[in-house]
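Given next, in structure tokens, is a single chain: the form predicted alone.
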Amino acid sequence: MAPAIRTDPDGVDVAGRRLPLSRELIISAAVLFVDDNGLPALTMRGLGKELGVEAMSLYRYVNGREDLLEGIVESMVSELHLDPTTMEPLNGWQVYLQWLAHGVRRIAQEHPAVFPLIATRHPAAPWLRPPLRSLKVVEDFLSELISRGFTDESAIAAYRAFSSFLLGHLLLEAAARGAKTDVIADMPSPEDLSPANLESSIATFPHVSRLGARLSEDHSDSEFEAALENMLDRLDRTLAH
């Protein structure tokens, strides 16, 4: 379990250090709570008890469990936002995809109880695919590949194939580590998914905004068949060797 945390009116004491209660501290504590107890056990009352405060104190910083879950996902996925200094100009797109894949896998390994939430929670736009559910991360993805010679169509195809690979592989890995993978994501309100709200959110990401219509196209049948054929080809090559 996480270290015992006690509070006074101005903050919480963690291992003898008084820290002001904040949204960041609450979300960090929530991640630790889920790591230790599992996602179904996370309640505002239970987290408040862990922090040594009344649940009502948490509502000054998070608007209930729904907002808390969103904060957890954002805090995890923000680690995947590309630092401009991470990729050198001469690095190939493979380097970026390796960095991104290992970053997502690290989250799944370090927080297996949290990862199913990242994998199932409804994204900011209905056509974004988990676990790459952040507009910032998808903008990074499209920008990196297009700047390295991918066409719009091939970048979108890569995004779909890459996210499918990560989701399938890492959900199985998280389940093997004891995570409950039957998490049902809370659906956002109709207002959250309104065209006006989505347009406002996406407008600051030029590649996502420009390619939004094509990202929303459903190619699930052809993608499944292509993935199946690729797997059979790999097995055939393995048998040949």
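The structure presented is a predicted model; accordingly, all values stated were derived computationally and were not measured. The first residue of the sequence shown is number 1, and the count goes up from there.
Same protein, other form: the form predicted together with the DNA, not shown, and the subject of what follows.
When contacts are judged by a 4.5 Å heavy atom cut-off, residue 43 counts as touching the DNA in the predicted bound form.
Heavy atoms of residue 54 reach within 4.5 Å of the DNA in the predicted bound form, making it an interface residue. The DNA in the predicted bound form is approached by residue 64, whose closest heavy atom lies within 4.5 angstroms of it. A residue is said to contact a partner when one of its heavy atoms sits within 4.5 Å of a partner heavy atom; residue 210 fails this definition for the DNA in the predicted bound form, lying far away.
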